[in-house]
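Listed next as structure tokens is one chain, alone, in the form predicted on its own.
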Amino acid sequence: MKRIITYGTFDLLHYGHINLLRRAKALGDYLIVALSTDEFNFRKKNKNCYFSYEQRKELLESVRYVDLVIPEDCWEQKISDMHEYHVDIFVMGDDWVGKFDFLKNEGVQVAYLPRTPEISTTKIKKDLNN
């Protein structure tokens, strides 16, 4: 069984997120989503989410491509997650190209998938504020 993992905040879940999750799942058999906790988002990313961690987790768990949602508490947990969850493929959006290539040293394939260009949570929030 091929296990895939991706990381993110997934606030204001939209079709760009679904596209990423669908394409990630197509790379293997079991998709794990490491969901940024509220504390991690605020402390390390300087962002407040509209939906709480529990609400975002529930939304992701309802997506048919997602098999497991785990918390992302810090940047450094990625290496231990690769081993704990026996990950074969690490997937992120292509705006992160090169940032996680160090995971190849853990025996994990790293894939950067193109984002859906016309949509993002930042764009939704900006459009709603206008």
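These figures come from a predicted structure and were not determined experimentally. Each residue number is its position in the shown sequence, starting from 1.
Not on display, but discussed next: the form predicted in complex with a small molecule.
Heavy atoms within 4.5 Å of the small molecule in the predicted bound form are found in exactly one of 62-70, 101-109, 40-48, 79-87, that being 40-48. By the criterion of a heavy atom within 4.5 Å, R115 is counted among the residues contacting the small molecule in the predicted bound form. Remark: W96 counts among the residues lining the small molecule in the predicted bound form, judged by a heavy atom distance of 4.5 Å or less. The shortest heavy atom separation between R22 and the small molecule in the predicted bound form exceeds 4.5 Å. Contact annotation for I32: none of its heavy atoms lies within 4.5 Å of the small molecule in the predicted bound form.
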